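Below you'll find only one chain, the form predicted alone, shown as structure tokens.
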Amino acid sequence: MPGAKDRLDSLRSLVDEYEGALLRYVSRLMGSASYAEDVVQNTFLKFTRKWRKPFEVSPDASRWLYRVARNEALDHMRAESRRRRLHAEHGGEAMAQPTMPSAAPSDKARSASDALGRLSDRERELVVLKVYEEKSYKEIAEITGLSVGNVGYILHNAMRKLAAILGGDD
């Protein structure tokens, strides 16, 4: 049975392997790098409490981390939406949408980001997983709980929308 030091070293390896990718994924999903940090931190905390297998870099660990990060991000976005709505209903100004800080993105990057923002939440999530995170349809299905066929259908339509938006045919 591995000791506490071995377990901590294994956890560090997992964090080193997945933290950057999870931060990018959640930042794109939420549109906020600072919120993404909180979500990813919560994801790793849940991992340490709930993961029963050895802490090691593996496809199972990757899928679990992405699924939990996704669920944490969606929960956070729903809670934030409720807070904004309640604030607006009670006479205050609606809270500003969080924006992701950027280091002067190129015109193409800005156009792509704007186009992604015009997709539905589900479409955007799947495009981010496929294009930016380079996940297979099967991995996306496991992360999102959708069927592989549904993933393909949604992605196909999302990519057609992106092409139309970027091509100016919207």
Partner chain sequence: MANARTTGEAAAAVPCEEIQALLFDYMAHELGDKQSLLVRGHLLHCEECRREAARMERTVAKLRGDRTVIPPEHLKSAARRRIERVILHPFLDFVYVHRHVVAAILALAIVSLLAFIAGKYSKAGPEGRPLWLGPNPVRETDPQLPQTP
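Residue numbers count along the first chain shown, from 1. Bear in mind that the values here come from a model prediction, so they are computed numbers and not experimental data.
In what follows, reference is made to the form predicted in complex with its partner chain, a form of this protein that is not presented.
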Task: 4.5 Å heavy atom contact with its partner chain in the predicted complex for all of 59, 68 and 144 - done: no
- [ ] Spell out, yes or no, whether the shortest heavy atom distance between residue 49 and its partner chain in the predicted complex is within 4.5 Å.
- [x] yes
Open item on the list: My question is simply whether residue 134 lines the interface with its partner chain in the predicted complex - judged by any non-hydrogen atom within 4.5 Å.
Closed with: yes
TODO: With heavy atoms only and a cut-off of 4.5 Å, decide whether residue 120 touches its partner chain in the predicted complex.
DONE: no
Open item on the list: Is it the case that residue 44, even though its partner is missing from this view, gets within 4.5 Å of its partner chain in the predicted complex, heavy atoms only?
Closed with: yes
- [ ] Check each residue of 16 to 43 against its partner chain in the predicted complex and list those with a heavy atom within 4.5 Å, in sequence order.
- [x] 16, 19, 20, 23, 24, 27, 28, 31, 32, 33, 37, 40, 41
